[in-house]
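Encoded as structure tokens, the following chain is the form predicted on its own, with no partner shown.
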């Protein structure tokens, strides 16, 4: 496993127990990102870097009983909490694996992909290549995360760097966190959130 993955696992080990409580601050952005996927009953949707499974209920509401939620999460501690969530709710159409995005093999081709606050994955070409090859052409993609403020505000960018550092191995790569994904998409668009410190984006996977 790469050093960046190992560092990320160590960092999330410290945050797993309190993750759900801390994620409440951005829950409205998670809901908006899921809405951008325009899920339909019967869809297969992938939650990349699913953490504790906080998005599962939202995704299941979109795909219905005939659809399926797939997910991967490399942190053992976060994945254990996701497993407990699935067991607690008795969800039978969730498939998830305690594996990194670089190596996970999905049981089905996916119609939609959610990248919610998974900065390191978005900045790792091998992870993106593995995920995107398992999606159908035209698959809907939605992203949410943190970014730098415009360059002219200068010192204010210390704030997103500090907020990103406790969780991610690459906390400084925040100028255009979406640009590796967008290069594989058509109809890609993004908007700033959180007064410019965050973003939401969506697109459709280009054929080939």
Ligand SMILES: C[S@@+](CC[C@H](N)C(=O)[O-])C[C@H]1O[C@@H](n2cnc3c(N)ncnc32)[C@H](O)[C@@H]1O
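Residue numbers count along the first chain shown, from 1. All figures in this text were calculated on a predicted structure; none of them were measured in a lab.
Heads up, the form predicted in complex with the named molecule isn't pictured, but that's what we're talking about next.
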| property | result |
| --- | --- |
| Stretch from 105-113, 86-94, 133-141, 72-80 whose residues place a heavy atom within 4.5 Å of the named molecule in the model of the complex | 72-80 |
| Partner contact for residue 199 in the model of the complex: the named molecule, 4.5 angstroms, heavy atom | no |
| Contact label in the model of the complex: residue 30 to the named molecule, heavy atom within 4.5 Å | yes |
| Interface membership of residue 188, the named molecule in the model of the complex, 4.5 Å heavy atom rule | no |
| Contact test in the model of the complex: residue 145 vs the named molecule, heavy atoms, 4.5 Å | no |
| Stretch 97-118 - residues with a heavy atom within 4.5 Å of the named molecule in the model of the complex | 99, 100, 101, 102, 116, 117, 118 |
